[in-house]
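This document starts with one chain, in the form predicted alone, laid out as structure tokens.
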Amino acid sequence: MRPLDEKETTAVFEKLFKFTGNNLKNIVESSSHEGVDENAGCYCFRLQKNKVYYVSEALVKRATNIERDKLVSLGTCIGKFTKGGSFHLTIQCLNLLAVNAKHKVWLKPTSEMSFLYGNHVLKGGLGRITENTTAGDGVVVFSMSDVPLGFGIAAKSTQDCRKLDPNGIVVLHQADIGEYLRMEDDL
């Protein structure tokens, strides 16, 4: 497990910024409450086998006692680098994104299952959307009872959604909590 280099850090922060905006500093500067030490430190990003982990510095110090090849996971896996070098967020980072999300979408109960099966969000299933969302922004998808269901990319802006027909795509699916069942061997 090693720290991210400059190129990797840039890729991770650009992807997180797409979803959190200026709230990214809350993720980076968040203080850790793990361990018996009063000064447990902050959270940091570490790379292990092309997967990026969000982990407290205290846990990283304790993990140095474990051999690299025997270390399976540490902290929260927030994403992975592909063989081509691009960075993709995984569903495990949903809790981190939900707390710090800049743009949010709430689904009607009738369309929650469709999203959880991996389908895009249609206008007919849209309950609410935050103002000032533009096409291409990262959005976190919630149920009407504020349970985070997943995340995706806004296909239309807030203003365009108002005049869109009910079968128009509003959010392009990227990840949802149904992946824990559909892809349990890969996670």
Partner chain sequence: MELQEQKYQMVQIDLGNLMAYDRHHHFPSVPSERGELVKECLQKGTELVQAIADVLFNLPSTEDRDGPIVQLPPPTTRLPREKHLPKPKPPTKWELFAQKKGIKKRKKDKIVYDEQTGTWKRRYGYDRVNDDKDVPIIETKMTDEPGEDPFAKRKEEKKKRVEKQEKNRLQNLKQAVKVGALPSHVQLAATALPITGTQSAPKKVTKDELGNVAGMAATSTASGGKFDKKLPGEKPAKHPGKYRKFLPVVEGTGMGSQEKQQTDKVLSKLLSKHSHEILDVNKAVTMFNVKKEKKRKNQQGKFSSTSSKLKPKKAAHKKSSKKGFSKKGSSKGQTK
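Only a predicted model underlies this, so the values are computations on that prediction, with no experimental measurement involved. Numbering follows the first chain given and starts at 1.
From this point on, the text means the form predicted in complex with the partner chain, which you will not see here.
Engineer: Whether Y54 contacts the partner chain in the predicted bound form should be assessed with a 4.5 Å heavy atom distance threshold; does it?
Structural biologist: No - in the predicted bound form, heavy atoms of Y54 and the partner chain never come within 4.5 Å of each other.
Engineer: Whether E67 contacts the partner chain in the predicted bound form should be assessed with a 4.5 Å heavy atom distance threshold; does it?
Structural biologist: Because no heavy atom of E67 falls inside 4.5 Å of the partner chain in the predicted bound form, the answer is no.
Engineer: Considering only heavy atoms, tell me if K61 and the partner chain come within 4.5 Å of each other in the predicted bound form.
Structural biologist: Yes - in the predicted bound form, heavy atoms of K61 and the partner chain come within 4.5 Å of each other.
Engineer: Any of the heavy atoms of E6 lying within 4.5 Å of the partner chain in the predicted bound form?
Structural biologist: Although the partner chain is absent here, E6 would touch it in the predicted bound form, with heavy atoms inside 4.5 Å.
Engineer: Would N119, K163 and I177 all count as contacting the partner chain in the predicted bound form, using a 4.5 Å heavy atom cut-off?
Structural biologist: Spot residues vs the partner chain: no contact at all.
Engineer: Quick one: name the residues from 123-161 with any non-hydrogen atom within 4.5 angstroms of the partner chain in the predicted bound form.
Structural biologist: Contacting residues: R128, I129, T130, E131, N132, T158.
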